[in-house]
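Starting off, we have a lone chain in the form predicted on its own, written out as structure tokens.
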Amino acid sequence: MTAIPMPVLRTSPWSKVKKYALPIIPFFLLIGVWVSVIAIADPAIGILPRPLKVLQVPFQEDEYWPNVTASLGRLFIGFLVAAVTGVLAGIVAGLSRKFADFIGPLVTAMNAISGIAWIPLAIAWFGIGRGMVVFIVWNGAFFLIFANTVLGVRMVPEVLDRSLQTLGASRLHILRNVTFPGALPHVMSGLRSGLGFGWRAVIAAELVGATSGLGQWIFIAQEFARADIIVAGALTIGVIGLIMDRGLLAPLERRTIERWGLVESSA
């Protein structure tokens, strides 16, 4: 019997336009409200800066790009350490269901504690600077990545492991070709969430525990009533977070899920 091919659903050009254009509209609405408030209330520039003044900050302030680079560097180091340790520890814990149940409540409790709560102790341990910020980033991302990895490993049907073991497959072969690929969608979800929490942790830690970075730059700006720097820094934080999530990890997560057959590609 000849297999009947499944119909391929094609998206119209207008659907693609709506997909990419509609999410931009709220940003223009926000700018419209911003301009309207200035036109109506005419607040002092130290309270609410003009949009043009904010847009000039990256080009007129020499400290802008060094602070952006400093924050991204700390994020990269802290998140890389959190990703490696979280995934490895999550796989090891997930392979033992009893151990996963045993350590689960501790992970849940630690994940519920905001990374900001550890800043005073982290300053005592590492002092003011990169080490402290990297630790806070690791703390903010590790437990999310760990928990999602454990969940992903446990979601792999146990019958697959037993079947391959019966056929003579080694534990390493099963881990490499079944367990990790099966857990990968959950791992990617954990990495995506962990990166978002890690980025927020960077800014929070820099507010009180760094001599450079966007967080510290914003904190110093408020002492001089530089609302334009504060708003520019906040917008930069948001734009970088959006780019990392929607431009980098979201497509990667989507391709990972599609690769392992959990959803169909809409392309």
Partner chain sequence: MTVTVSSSGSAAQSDIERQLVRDRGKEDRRGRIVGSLLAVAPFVMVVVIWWAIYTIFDPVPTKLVAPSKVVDAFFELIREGTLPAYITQSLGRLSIGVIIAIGVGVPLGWLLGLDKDVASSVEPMLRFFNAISGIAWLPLAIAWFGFTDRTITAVIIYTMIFPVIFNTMIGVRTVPTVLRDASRSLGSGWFRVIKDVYIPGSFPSVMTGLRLGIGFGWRALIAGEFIVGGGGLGFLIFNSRTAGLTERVMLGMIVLGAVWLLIDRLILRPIEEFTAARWGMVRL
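Numbering follows the first chain given and starts at 1. Quick caveat, the model's predicted, so the values are computed rather than measured.
Heads up, the form predicted in complex with the partner chain isn't pictured, but that's what we're talking about next.
Peer 1: Spell out, yes or no, whether the shortest heavy atom distance between residue 143 and the partner chain in the model of the complex is within 4.5 Å.
Peer 2: Residue-level check for residue 143: no, no contact with the partner chain.
Peer 1: Check residue 204 for me: does it contact the partner chain in the model of the complex (non-hydrogen atoms, 4.5 angstroms)?
Peer 2: Result yes; residue 204 sits at the interface with the partner chain in the model of the complex.
Peer 1: Is it the case that residue 111, even though its partner is missing from this view, gets within 4.5 Å of the partner chain in the model of the complex, heavy atoms only?
Peer 2: Yes, residue 111 is a contact residue.
Peer 1: Can residue 47 be called a contact residue for the partner chain in the model of the complex at 4.5 Å between heavy atoms?
Peer 2: Although the partner chain is absent here, residue 47 would touch it in the model of the complex, with heavy atoms inside 4.5 Å.
Peer 1: Is it the case in the model of the complex that 123, 218 and 242 each bring at least one heavy atom within 4.5 Å of the partner chain?
Peer 2: Every residue of the candidate spot has a heavy atom within 4.5 Å of the partner chain in the model of the complex.
Peer 1: Among 238, 58, 32, 66, which has at least one heavy atom within 4.5 Å of the partner chain in the model of the complex?
Peer 2: If I apply the 4.5 Å criterion carefully, the residue I get is 238.
Peer 1: Okay, which stretch from 71-79, 102-110, 89-97, 183-191 lines the partner chain in the model of the complex, with non-hydrogen atoms inside 4.5 Å?
Peer 2: Every other range fails; the passing one is 102-110.
Peer 1: Would you mind checking 71-100 for residues with a heavy atom within 4.5 Å of the partner chain in the model of the complex?
Peer 2: Heavy-atom contacts to the partner chain in the model of the complex: nothing from 71-100.
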